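Next up is one chain by itself, shown in structure tokens, the form predicted on its own.
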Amino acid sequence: MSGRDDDSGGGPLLPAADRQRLRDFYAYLRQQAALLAGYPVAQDFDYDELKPLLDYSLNNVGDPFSGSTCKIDSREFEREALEFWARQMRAPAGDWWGYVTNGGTEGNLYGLYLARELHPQGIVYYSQHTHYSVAKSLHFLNMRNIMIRSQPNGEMDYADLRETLKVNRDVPPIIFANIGTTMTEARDDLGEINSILDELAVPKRYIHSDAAMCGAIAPFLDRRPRFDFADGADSIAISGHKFIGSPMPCGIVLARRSHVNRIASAIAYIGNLDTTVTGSRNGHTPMFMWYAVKRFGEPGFRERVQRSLALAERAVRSLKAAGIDAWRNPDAITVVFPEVSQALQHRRQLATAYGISHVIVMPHMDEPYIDALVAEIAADLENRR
């Protein structure tokens, strides 16, 4: 005997011990998902209608706007999802392009890659609170770069940016703007950045917006921040598994088509254009993005944003009532407070850095969840006094 269960027609099943291991893993995931509070992971998605797609290997190799000799793909749905987010990002009609990536880091890498090809001698300016992966991407691309100071709330220090740009006025600036920093959800203001560049008479420039989490939030705020194409962005990266919700990491990158055309090349093997970072691309994640767009639409996303904002404000008020110095940036769903114990960091999976911890209020949370979480944080910080 092999120790395997009987063949049911679809090939041999896992050994009994491994099947039990999977059941234990599912139980562990349910437990940890219920406790997760410090990372931006929306858990209110339901993709049951898409489960039959797991019987197919969907590969969106190459450019989503070109055909391919490989026909088992989801390009049609990918394009519809991209069109929705291009509208939200106020992309210029007839001059935008994009694709579904494996996450925000790939989107940021792509934006920097475009910038380097347009301005090979350019210098990248980014703030000290920029995501850790950006330094790695700059190393990959061998791009000159200068770190700019951040303000106390995490936003770029525009005075430091102005003074630093003055020293390098003869070199095209590539501005890496944070539209929601990791720890405090601070948003760099493209209006302020462009005003500085105009003041210094800088003709050649490139601005990339890292809107990993906030890209799905900012378009639906009553006080819309200045971050998108209409505000001067050349490319924008959005994460799909954060506020939108997906069972696996993914994202969307959008850029001006005129920029992308500068790097496109035809590949005979796939009968398509080489315009993306990777060759083979996940064909399932575009389906999740398409399904979310069709399920929520603009009204649904706006409602999700408003609900999360209200809960974030509830959390701040409750923590302050407990004597805790809690705060959030304007129109942010990230609630910041003094660093909690390592025990609570691990139990509630609370990201911690710079002496602060945070909770990110996601759409699947509700008032009882927030109240219970606040009580845990308050008790923990009281014990540390």
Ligand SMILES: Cc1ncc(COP(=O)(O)O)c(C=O)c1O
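Only a predicted model underlies this, so the values are computations on that prediction, with no experimental measurement involved. Counting begins at 1, following the sequence as shown.
Quick note: we don't show the form predicted together with the ligand, though the next part is all about it.
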property: Listed range touching the ligand, judged in the predicted complex by heavy atoms within 4.5 Å, from 282-290, 193-201, 235-243, 306-314; result: 235-243
property: G103 within 4.5 Å of the ligand in the predicted complex, heavy atoms; result: yes
property: Touches the ligand in the predicted complex: N108 (any heavy atom, 4.5 Å); result: yes
property: H131 within 4.5 Å of the ligand in the predicted complex, heavy atoms; result: yes
property: Residue contact check: A212 to the ligand in the predicted complex, 4.5 Å heavy atom; result: yes
property: In the predicted complex, the residue from T182, S127, S74, T275 that sits within 4.5 Å of the ligand by heavy atoms; result: T182
